[in-house]
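Coming up is one lone chain in structure tokens, specifically the form predicted alone.
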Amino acid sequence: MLTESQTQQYERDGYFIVTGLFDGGEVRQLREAMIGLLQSFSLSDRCPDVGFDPWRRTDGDDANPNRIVYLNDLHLRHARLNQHMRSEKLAEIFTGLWQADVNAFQAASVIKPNDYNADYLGWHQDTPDYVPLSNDRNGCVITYLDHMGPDTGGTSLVPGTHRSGLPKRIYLPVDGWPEYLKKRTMEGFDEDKATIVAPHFNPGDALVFHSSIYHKANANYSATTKIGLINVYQAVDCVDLTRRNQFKAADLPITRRGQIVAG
């Protein structure tokens, strides 16, 4: 499944897009599973693995009435989402990139409620949340379950920045924002001088990216919730040296000898 062009783009730019990786029936099943979960939570269910819109200024829609913005450990919440984490289509991408078997690292979703300002999430890298690792063979794939773009909940990236080291993460106050809300960014990063790509995604498309690439979640100014599934994997020789990863997907075997491990 993985092409030489995709492998070269990953090495050069730190990302590539697979259009139509999942068909309409698969997308429908995954959306139904996610919407069922979103509708099952109330505001009293706040915990580290369930996050709600910090702005708290707009009603949700039917799919996401309480404006949930992230869920972790999806593989334990719904059998269809566990199946997705173990998808042969996803596994083949990463076993092809690294020429190695892979383990899971995280199974989550970042959700963009209707009329949602995601600017506070800011530009960042994921790797600082993961290190120390024994190597950098750690990567993410986002499966888009809706039409998503620059102003409708997509993802923006700065190509090639996976080779730029790990700048210090900082949080800045913003005029007009509530005191409890700060904007995440990276020391020395100037958005106005960066070469930014902000692709449009169709349902079933997948964005594969290195965990050290500069990226950000885009706002969703549409009238409906947008959903993307996040699955992070790492090669079997990429070891979490201090067992920092507390996600329940951590170290679950996904492939062995190139075959999917049932779970």
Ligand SMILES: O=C(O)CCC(=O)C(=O)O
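A residue's number is simply how far along the shown sequence it sits, counting from 1. The model shown is predicted, which means the values in this text are computed figures rather than measured ones.
Here the subject shifts to the form predicted in complex with the named molecule, a form of this protein not shown in this document.
With the partner removed from view, the residue among A206, I68, A63, A217 that has a non-hydrogen atom within 4.5 Å of the named molecule in the predicted bound form turns out to be A217. Taking V50, V197, I230, A194 one by one, only a single residue has any non-hydrogen atom within 4.5 Å of the named molecule in the predicted bound form, and it is I230.
In the predicted bound form, no heavy atom of K89 sits within 4.5 Å of the named molecule. In the predicted bound form, the named molecule sits within 4.5 Å of a heavy atom belonging to T155.
Residue contact with the named molecule in the predicted bound form: V110 places a heavy atom within 4.5 Å of it. Contact annotation: I142 falls within 4.5 Å of the named molecule in the predicted bound form, judged by heavy atom distances.
Listed stretches are 173 to 181, 72 to 80, 110 to 118, 96 to 104; the contact stretch with the named molecule in the predicted bound form is 110 to 118, by a heavy atom cutoff of 4.5 Å. Along 122 to 148, these residues reach a heavy atom to within 4.5 Å of the named molecule in the predicted bound form: H124, D126, I142.
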